[in-house]
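So this first bit is one chain, no partners, the form predicted on its own, shown in structure tokens.
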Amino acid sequence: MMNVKGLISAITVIAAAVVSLASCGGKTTQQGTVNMNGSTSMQKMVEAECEVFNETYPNITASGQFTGSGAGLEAVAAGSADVGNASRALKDEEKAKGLVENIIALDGIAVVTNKNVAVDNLTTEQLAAIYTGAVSDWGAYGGESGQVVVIGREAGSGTRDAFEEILDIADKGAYAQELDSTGAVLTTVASTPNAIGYVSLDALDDSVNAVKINGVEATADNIKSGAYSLQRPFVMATRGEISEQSDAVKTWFNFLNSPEGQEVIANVGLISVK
């Protein structure tokens, strides 16, 4: 039978082995969940980041719901989500609730038209006039005469908030349709003659025409340089500082700032803030 001295020695060896194993395999021994909610504009990035993250940390499950920026921030404030994804800067009243603005990337808001619209350049003033209803015919801007069909996002959308704030037209919008996702705006503009809308840059495809703003194309380089004016931050808000979050959430943010996380941001067409 092993004496007490021998038993203590054996326990010490086992404990040291466990510590050694944990330190060598940190990525696989961490456990927990990262629950996110918020912006539909951020869905492509969030899902791509989750895919890589969940492979790297198989014992931590990161997942997102996409119910709009406002709803996501409310979920974090209420404690029903760990991270609130917002495709705009936080408002003062949201910060007053203890939410912290963690900017992950920059995104451009691309202005898009149906393929039948010949106008390929607008000033910010002209764009504001369209979205407030002051100008309602494409003929005013050199296109063929036709009623402009104004498409946008629903109230509470981070994309809409950022778009209207940049143009200084908050609460002045004259929308023909208000839709609840980036994809819905893109599809509706593509299928509706004379339509105009706005979408996240990473959603842009050849089903629509992309409009230059003040003569500048919506590209990653132009956003990074500041030449393209319709841009906004992608925020992952937390209730309190990142350092106050669970180990799983802290691991998530560490991953986002790693070379692997930054590569995902670049691959989905966003601009790194690092």
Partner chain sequence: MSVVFFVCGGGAIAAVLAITVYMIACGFPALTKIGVLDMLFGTVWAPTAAEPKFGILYIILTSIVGTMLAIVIGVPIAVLTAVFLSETAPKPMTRIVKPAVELLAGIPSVVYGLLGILIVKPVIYHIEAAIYAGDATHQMTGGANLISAVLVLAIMILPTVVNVSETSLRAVPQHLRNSSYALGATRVGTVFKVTLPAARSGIISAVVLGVGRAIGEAMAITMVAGNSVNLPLPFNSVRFLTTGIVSEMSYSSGLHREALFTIGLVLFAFIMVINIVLNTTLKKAGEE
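Numbering follows the first chain given and starts at 1. Small disclaimer: the values here were computed from a predicted structure and weren't measured.
Same protein, other form: the form predicted together with its partner chain, not shown, and the subject of what follows.
- Partner contacts here mean any heavy atom within 4.5 Å of its partner chain in the model of the complex, and among 84 to 92, 120 to 128, 171 to 179, 200 to 208 they occur only in 171 to 179.
- Against its partner chain in the model of the complex, the set G142, T219 and Q231 makes no contact: no member has a heavy atom within 4.5 Å.
- The partner is absent here; in the model of the complex, the one residue of A77, A190, V149, L167 having a heavy atom within 4.5 Å of its partner chain is V149.
- Its partner chain is not drawn, but in the model of the complex it has a heavy atom within 4.5 Å of E154.
- With a 4.5 Å cutoff on heavy atoms, N102 does not count as touching its partner chain in the model of the complex; it lies far away.
- Residue S136 is the only one in 121 to 143 with at least one heavy atom within 4.5 Å of its partner chain in the model of the complex.
- Between S41 and G156, the C-alpha separation shrinks by 3 Å or more in the model of the complex, relative to the conformation displayed.
- Figure legend: C-alpha atoms of V208 and M42, shown here, are separated by at least 3 angstroms more in the model of the complex.
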